[in-house]
Ligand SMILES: Nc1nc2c(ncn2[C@@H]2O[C@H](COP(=O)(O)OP(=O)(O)OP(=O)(O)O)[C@@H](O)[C@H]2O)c(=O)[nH]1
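A single chain, nothing else alongside it, follows as structure tokens in the form predicted alone.
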Amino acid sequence: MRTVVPVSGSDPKTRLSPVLGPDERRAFTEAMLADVLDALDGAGHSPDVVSTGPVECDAPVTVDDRGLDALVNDLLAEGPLAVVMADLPLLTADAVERLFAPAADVVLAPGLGGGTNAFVCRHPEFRVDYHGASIRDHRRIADDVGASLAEVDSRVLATDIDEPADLAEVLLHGDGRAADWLTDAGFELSFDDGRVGVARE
């Protein structure tokens, strides 16, 4: 089964702009991607990276500037496919193994905000729709095509990094390259009215 990691290599993680400049966002994106690739490698998978622009990583990279839906659906038409997003810096090899373990036609890993952070597909008719609350749409699509469905309840698979507040999760729970990058860049945990956030020195 082919395993693909999509990543934005052109203007990554724009919602982190309040705390990271363009070059920093690119470097942090590549650090998160490295963590994802390490986890996949640790679980015995050799992924390909598909990026909207050039990106530095230890995996084969194909540059393709199409939208995510068109790209992934073309890959699904070629055969069984696993897709793991590049912004999951807490990902572990154990979590990857849990993603691939169910024998269902479609295995989904929901994100905390209603997205789909990873999936495994063995059904020839399943296609993706990443707009809106995609996890709900993907459940419906699997049902529409008659695919058996399983979901993986995993904190590390559910935690994707999009907003500045999400950086606290990396500092709290991460021990990979993304956590190291944030620490080296001067980020640290902050505590305000009982809530954990991040501050930069």
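We number the residues from 1 along the sequence you see. The structure displayed is predicted, hence computed values, not measured ones.
Keep in mind the form predicted in complex with the ligand is missing from the figure; the text below concerns it.
Asker: Counting only non-hydrogen atoms, which stretch in 40-48, 65-73, 148-156, 169-177 is within 4.5 Å of the ligand in the predicted bound form?
Answerer: Going by heavy atoms within 4.5 Å, the stretch is 65-73.
Asker: Pick from 90, 96, 108, 86: which has a non-hydrogen atom within 4.5 Å of the ligand in the predicted bound form?
Answerer: Answer to the contact question: 86.
Asker: With a 4.5 Å heavy atom cut-off, would you call residue 8 a contact of the ligand in the predicted bound form?
Answerer: Within the cut-off, so yes.
Asker: Is it the case that residue 162, even though its partner is missing from this view, gets within 4.5 Å of the ligand in the predicted bound form, heavy atoms only?
Answerer: Yes, residue 162 lies within 4.5 Å of the ligand in the predicted bound form.
Asker: For the stretch 124-138, which residues lie within 4.5 Å of the ligand in the predicted bound form by non-hydrogen atom distance?
Answerer: Contacting residue: only 131.
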